[in-house]
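Next up: a single chain in structure tokens, the form predicted alone.
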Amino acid sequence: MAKEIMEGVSPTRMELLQIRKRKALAVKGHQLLSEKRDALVSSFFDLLKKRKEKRKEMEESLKKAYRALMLAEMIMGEERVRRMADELALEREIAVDTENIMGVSIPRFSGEECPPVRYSIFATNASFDETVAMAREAFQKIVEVATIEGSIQMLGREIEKTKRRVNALEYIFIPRLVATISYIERQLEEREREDFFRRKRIKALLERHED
């Protein structure tokens, strides 16, 4: 099966030089994109490993916070703990920054620092303090995991896009350029043969005419 060549190509030496240049650029582009794809895949798997570790830390932190809450409710009573929690409740803001990995903007989330908790030492006890501290730690772990999850999604999309470009160059564009170069070279060789035989016939006719 003949390979497809580019449309609208003139079999000239000038065209041949231009297409050879395009092929060289395409091969270089394919190499760079392949390197980018490999680097992205490496970063992707590093993030998967890191996510596993951070999710384990987050789950452990949430368990500690839950156990601290249960203990505080047992000591202080559920209603008193809820009342104290309502008094201390505040909105938390998440700051969003970005990090560049191989040209991909990766989100970076960070939770704002909590202001110090202000309440009367007679209104609570150490178990409630421990619950608040554990909840803050768990919150930071959740933010860390969210950052990794967002990074994995962004890298995954970029990997797919880069793979499509690499495949298009490798299986469509470069083979088409190679086929076109071969086509032009064959056409030029055929023209050279025709010119050679034409000159040879003319020379033979001239020699007979001189005789």
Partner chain sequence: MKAAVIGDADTIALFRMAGITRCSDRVESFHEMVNGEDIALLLITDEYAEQLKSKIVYHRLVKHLPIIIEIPGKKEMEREDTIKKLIIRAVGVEVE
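Numbering follows the first chain given and starts at 1. This is a predicted model, so every value here is computed, not measured. Here the rigid core means the biggest group of C-alpha atoms that line up within 1.5 Å when the two forms are laid on top of each other.
Below: the form predicted together with the partner chain, not depicted.
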Quiz item: Can all three of 173, 203 and 207 be found with a heavy atom no more than 4.5 Å from the partner chain in the predicted bound form?
Solution: no
Exercise. Please check if residue 74 has a heavy atom lying within 4.5 Å of any heavy atom of the partner chain in the predicted bound form.
Key: no
Quiz prompt | Heavy atom of residue 65 within 4.5 Å of the partner chain in the predicted bound form | solution = yes
Quiz item: Might residue 126 be said to contact the partner chain in the predicted bound form, defining contact as any heavy atom within 4.5 Å?
Solution: no
Quiz item: So in the predicted bound form, does any heavy atom of residue 135 sit within 4.5 Å of the partner chain?
Solution: yes
Practice problem: Could you tell me which of 27-35, 181-189, 165-173, 151-159 sits within 4.5 Å of the partner chain in the predicted bound form, going by non-hydrogen atoms? | Solution: 151-159
Quiz item: Can a Cα shift of no less than 2 Å be assigned to residue 77 between the shown form and the other one, given superposition on the rigid core?
Solution: yes
Exercise. Verify the C-alpha shift of residue 134 between the shown form and the other one: is it 2 Å or more after superposing the core?
Key: yes
